[in-house]
Each structure stands twice: as C-alpha cells, then as structure tokens.
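Before any questions on binding or motion, here is one chain by itself as structure tokens, the form predicted on its own.
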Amino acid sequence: MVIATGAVTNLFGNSEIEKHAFGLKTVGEFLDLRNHIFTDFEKALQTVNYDDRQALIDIVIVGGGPTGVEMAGALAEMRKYIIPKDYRELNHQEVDIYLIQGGGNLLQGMDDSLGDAFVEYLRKMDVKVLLNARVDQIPEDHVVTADGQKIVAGKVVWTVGVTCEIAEGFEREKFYGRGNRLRVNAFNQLTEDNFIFALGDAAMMESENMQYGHPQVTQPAIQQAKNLARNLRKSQGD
C-alpha cells in the first residue's frame, strides 16, 4: 500500500487567512493569484493616489519555506524584467515585495548556510525580508505583525505551511511527525517488516540535512515515486 494523500494549506483555524490570503497549494489557487496580480496592475495604471496605488501593486508573502522563497524570487524577477516591458507607464520600482518569516532564518529544517544565502540573494533583488516577524492579523488590504507593524498590500500570499490528514489505524506518536506527516525510512517505508509506504507531502523522511523531511513541493514527490517504483520492481526480481 502506498499512501500519497498530499496535504492542505495550514490556516491554523484563522478565518482572516482563509478570507483574505491567497494559497499556493493548487493550480487553481495559483491562477487566481496570477489573475489578481495582473488585474491590479491594470488598475494601478489608472490610479493617481500613491497610497491607493501601493495597495494595488505591493505583495506580501508570509512564510519563508521553499514555496515562499521561490515565490519571492519569481515576483522579484517579474518586477525587474516583465513590468518595465508590459506596464511601461507603471514605475516598477514602486512595487514592494515582502517576505515575512516567523523564525530567524529562511528554509528552516535545512542547513542554516542555505537560508543565509537566500536572505542575501533576495535582499539583493530588493525583496524586503522580515525575519522573526509573526503575522497577527490579515484585514482586507494590509497585514499587521505581532509587534504592531502595518504593511499595506492588497495581496497576501500564505505559504506558512501545510498539514496532512490523519489516517486511521496508525498510532499518532509512533508514526506521525511534524505537520501530521508519516515517518518513513530511506525506502519510503513506514516500518521494515511491512509493505506500507508513504510518498510526497505525506512522507517525512528525516536525515541529517533534512530534520523535518524533504520540502513539500513537486520534485521530491516525483523523485520518491520513481525511486519507489524501481525498488518495488527490484524486490520482485525484475
């Protein structure tokens, strides 16, 4: 049996997040965000008031994991290369991109040097990286951090993390780790004496460099699936 049930965005029971923030867990959520970004850029071209224009073009990303870091970099490249060509009347330097991380480093769970390198890289791309900052509220057109800082932005992207559903029949303390992920060995196997496997978001394969398991993004899931397929064929003498 192979468990590959994926994960859902972790909203921590906060209704404001669900109502006002964009997720990035599904293709539909990504397309919705993309459409809002370009629609607001069009509106900004007709907006004279500076504060109103900033609310349309500024973007806040909450969560400094792999998804948040990748999104921040992609938006920074869009600001540098796409906006000057496609929205010539819009001053691309006015577009502020914030990446807010609750911890003291990006990409937590990976080597600290990697997180430090990405902080430096993103800041060179003029991304405003805020570390040790926790988002307390997400009203309609801004976010408020726990220390009272208000950041005006009409689009908040929530990439703090995901969580998995608990499957019946597996003891929680024995089989589950952080984010309700199933602990697996190097072969994606729950225990060595059975043929139950977990892949992708649902699997937490701990290692020295990945203490919380591999990032819950597409490539690790694809690689785990291919590796498991090879191992299963070999176990049958193929």
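Each form is matched to the other, and the largest set of C-alpha atoms that superpose within 1.5 Å is called the rigid core. So that there is no doubt, residue numbering starts at 1 and follows the sequence shown. Note that the structure is predicted; figures quoted are calculated from it, not measured.
If you look for the form predicted in complex with a small molecule, you will not find it shown, but the lines that follow are about it.
- Heavy atoms within 4.5 Å of the small molecule in the predicted bound form are found in exactly one of 170 to 178, 187 to 195, 43 to 51, 25 to 33, that being 25 to 33.
- Put simply, D58 is far from the small molecule in the predicted bound form: not one heavy atom of it is within 4.5 Å.
- The shortest heavy atom separation between L11 and the small molecule in the predicted bound form exceeds 4.5 Å.
- At a distance threshold of 4.5 angstroms between non-hydrogen atoms, L182 is out of contact with the small molecule in the predicted bound form.
- Using a 4.5 angstroms threshold between heavy atoms, T218 counts as touching the small molecule in the predicted bound form.
- Superposition on the rigid core between this form and the one not shown places the CA atom of A225 2 Å or more away from its counterpart.
- Relative to the superposed rigid core, A44 undergoes a CA displacement smaller than 2 Å between this form and the one not shown.
- In the core-superposed comparison between this form and the one not shown, I82 has its Cα shifted by less than 2 Å.
- In the predicted bound form, the CA atoms of R123 and Q216 sit farther apart than in the displayed form, by at least 3 angstroms.
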